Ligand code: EPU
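Here's a solo chain for you in structure tokens, the form predicted on its own.
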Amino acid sequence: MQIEENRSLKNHNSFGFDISAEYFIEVSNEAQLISALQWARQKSLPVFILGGGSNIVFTRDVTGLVIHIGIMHYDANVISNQHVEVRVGAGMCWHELVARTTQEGYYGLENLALIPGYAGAAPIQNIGAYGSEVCDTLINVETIDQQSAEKRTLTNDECGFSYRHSIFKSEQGANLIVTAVTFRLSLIDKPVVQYQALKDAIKDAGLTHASASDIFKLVCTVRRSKLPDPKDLGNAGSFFKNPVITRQQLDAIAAQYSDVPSFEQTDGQFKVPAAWLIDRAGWKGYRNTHVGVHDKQALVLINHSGGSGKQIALLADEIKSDIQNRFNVCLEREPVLY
């Protein structure tokens, strides 16, 4: 077991913040993960689980042992003439998984193309885009309990999925480390195209019928046109969740801005795009020396160069406070602050 001391995590977080881990190890299987947990327990060290680093804002160096999940495997099992089950290691790059399944004719993940991070983080955040969410195709999640080192497999229902949320983000599942995820994908090419932005992209491309492969390519094109590549400009993707508000809140906003977009929910509330609120408040394209807001997508906070997690956190708080004051809407961030 190779444990490093004072390891830089600059290349392990998508903002590119140059912070360090007191101790660091990369594990490639469950046995190594369990051994690392035991080592940390023997030394009474806290443990920090790190995947692709695309959903974390490091504001300081990490104390204790950072365990980088590098568990990578891919197994596909056709279970009928309509479905295939794909089981992948938590350390597999999410976009590579989407690209591979689409190319192999396994459909259901194509709308989630080019989302940064690892497969293991997908169920934790219940990632979603263009009308699809991970919970739509996920069968189960394999985990190891950080405290007991016991293995536990959670079904879709047991994951407690909701909008950008799962049991793993609650106290009940906080100690569970994701090691593998299994999806049930379709062998029938019938993509989900209800999302308006996707319909517009299909129309602009001049397609009368879009295949799953077409959707994959269109999603990649649209995302690349709006979202900066973390390799070029440090960011964590969408920084805020789309808020769900009451009819009264929506009417108050509409009284000032008649063009406010909204999407009614099953409970009678309305989801409003956080990007629209931030843009209307004048934050889009804002820059404060080293950090700022992307000029093409108001949901993305960026590290231009030399910025810090503390600066990003401060900027996020300023935006959140402004949106609260202007629209009486509370924004909730997506990335985790450390």
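Quick note: we count residues from 1 along the sequence shown, nothing fancier. Note that the coordinates shown come from a computational prediction; the quantities given were computed from them, not determined experimentally.
Quick note: we don't show the form predicted together with this ligand, though the next part is all about it.
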This ligand isn't shown here, but in the predicted complex, which of 305-313, 291-299, 22-30, 42-50 has heavy atoms within 4.5 Å of it? 291-299
Which residue, Ser166, Ser238, Thr143, Thr102, is the contact with this ligand in the predicted complex, using a 4.5 Å heavy atom cutoff? Ser238
As a check of understanding, the residue in Ile69, Leu65, Ile56, Ala275 with any heavy atom within 4.5 Å of this ligand in the predicted complex should be identified as Ala275
Is Gln249 a contact residue for this ligand in the predicted complex, using a 4.5 Å heavy atom cut-off? no
Please run the contact check for Phe216 against this ligand in the predicted complex: heavy atoms, 4.5 angstroms, yes or no? no
Applying a 4.5 Å heavy atom distance criterion, does Arg152 contact this ligand in the predicted complex? no
Wondering, does Ala129 line up within 4.5 Å of this ligand in the predicted complex on heavy atoms? yes
For the heavy atom contacts within 4.5 Å of this ligand in the predicted complex, list the residues of 322-338 involved, in sequence order. Glu334
